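The chain below stands alone and is given as structure tokens, in the form predicted on its own.
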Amino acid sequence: MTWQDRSDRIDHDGPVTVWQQVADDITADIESGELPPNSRLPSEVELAELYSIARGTVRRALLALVDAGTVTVVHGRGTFVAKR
């Protein structure tokens, strides 16, 4: 998968929080198979740039994905799609 600008996928004025929109967007890519298990996600900084959002917002989205068991974080290595 090639990560490109995703800022158009975020509705800053809508009722859904930005971090939830990011988490939902990444989840949709995982569920569609575009991001298979063990795929490495871009860093927090890279995701913030891709979505044109703050790094803290990305961190909150990733935390939600970790809590849901969708991704795992390996300290010093990155964030990876969890095995199903």
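None of these values were measured; they are calculated from a predicted model. The numbering used is simple: start at 1 and walk along the sequence shown.
This protein has a second form, the form predicted in complex with the DNA, left out of what is shown; the following refers to that one.
Asks: Is residue 68 a contact residue for the DNA in the predicted complex, using a 4.5 Å heavy atom cut-off?
Replies: No, residue 68 is distant from the partner.
Asks: Considering only heavy atoms, tell me if residue 84 and the DNA come within 4.5 Å of each other in the predicted complex.
Replies: Flag for residue 84 set to no.
Asks: Residue 18 versus the DNA, in the predicted complex: is there a non-hydrogen atom within 4.5 Å?
Replies: Heavy-atom contact with the DNA at 4.5 Å: present for residue 18.
Asks: Although the partner isn't part of this model, could you tell me whether residue 53 comes within 4.5 Å of the DNA in the predicted complex, counting any heavy atom of the residue?
Replies: Because a heavy atom of residue 53 falls inside 4.5 Å of the DNA in the predicted complex, the answer is yes.
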